[in-house]
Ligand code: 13P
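Heads up, the chain below is alone and in the form predicted alone; it's given as C-alpha cells.
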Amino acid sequence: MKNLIIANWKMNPSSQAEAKVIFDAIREGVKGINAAASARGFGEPTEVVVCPPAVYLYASVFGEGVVSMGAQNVYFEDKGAFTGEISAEMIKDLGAEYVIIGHSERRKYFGETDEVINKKIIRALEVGLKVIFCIGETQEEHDAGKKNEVLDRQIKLGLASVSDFGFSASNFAVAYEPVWAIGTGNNCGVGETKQTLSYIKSLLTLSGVEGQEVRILYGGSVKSENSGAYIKEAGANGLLVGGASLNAEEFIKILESAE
C-alpha cells in the first residue's frame, strides 16, 4: 500500500498569501520526488495530503492532482442552525478528499467525546470523504500504564457501526498521536511505536474492520531526523506532521525519508 503523509497546518499561517507560498513549494517538491522515483523504477509514490485551515481550502485548485487536500474538522449535521460549523458536503464541494477527525486538540479544547467523534466519522464516510482518525493517550494515562485501555476505548466507541456507512480500508486511516508527544519535541520511541501500531491493528480487527489493510500513521514531534525510522523500522504506513509541515523544505525532507 502507498505511504500516506498528512500535513496538519492547524491554525497557521496567518495569511492566504503565505499559505499559497507554502503549498506551492510543497507541490513542486512532491513533483520532484515523484519524478525521481519514477526514473528509478520505484513503486507507487507516497500519497501527500495538506490540511490547511478551512478558509484556505480554496488552495485545492492549485493541487493539479499531485497533492490532495483535507479539512481539519467537520460537523456531523448536513446543514442548519449551527453557527461556525462546516459540513462534510461543504468540504467535499471545495474539492477536499480528506478530513481529520478526533485530533487530541479537538478532544481537549473543544470537549469532543468519542461519541461525537463517531458521529463525525459516520457523516464524513456517508458523504464520501476519506477519514484520518486520530487516537492517543495523555502523559498521565501513559505513565499510569493505561495506554492500551485508552486506545481500546477510542477505537471501540469511535468506530461503532462505521462498517454500515461506507467504511473501507481505502477511505480510512488511523493516526496514532500520543498526546504527550505533540509539539513537545518528545517523540515516542521507535520500539514503543512499533508495539503500539501492532496493538492498534489487533484492535481494528477485533472491532470488525479491516485491521490489516487500514493504513496506520504515527504523529507527534515528527521531523526529518526521525521520520524515516517510523516508517522503515516501526512499520508505520505514513505520518501525520504538524509544525514541521509549515516549513516546506523540512516537509519535503520528511517525504523523501519515506521513499
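The numbering used is simple: start at 1 and walk along the sequence shown. The structure presented is a predicted model; accordingly, all values stated were derived computationally and were not measured.
We do not show the form predicted in complex with 1,3-dihydroxyacetonephosphate, though everything after this point is about it.
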item: Proximity of Gly70 to 1,3-dihydroxyacetonephosphate in the predicted complex, heavy atoms at 4.5 Å; value: no
item: Residue contact check: Gly189 to 1,3-dihydroxyacetonephosphate in the predicted complex, 4.5 Å heavy atom; value: no
item: Exercise: Glu105 in contact with 1,3-dihydroxyacetonephosphate in the predicted complex, heavy atom 4.5 Å; value: yes
item: 4.5 Å heavy atom contact, Glu137 and 1,3-dihydroxyacetonephosphate in the predicted complex; value: no
item: 1,3-dihydroxyacetonephosphate in the predicted complex: contacting segment from 193 to 201, 29 to 37, 220 to 228, 46 to 54, heavy atom within 4.5 Å; value: 220 to 228
item: Among the candidates Val162, Ile155, Ile182, Val116, the residue which, in the predicted complex, approaches 1,3-dihydroxyacetonephosphate to within 4.5 Å (heavy atoms); value: Ile182
item: Joint contact, Asn3, Gly238 and Glu256 to 1,3-dihydroxyacetonephosphate in the predicted complex, by non-hydrogen atom at 4.5 Å; value: no
item: Residues in 1 to 23 close to 1,3-dihydroxyacetonephosphate in the predicted complex, defined by a heavy atom within 4.5 Å, in order; value: Asn8, Lys10
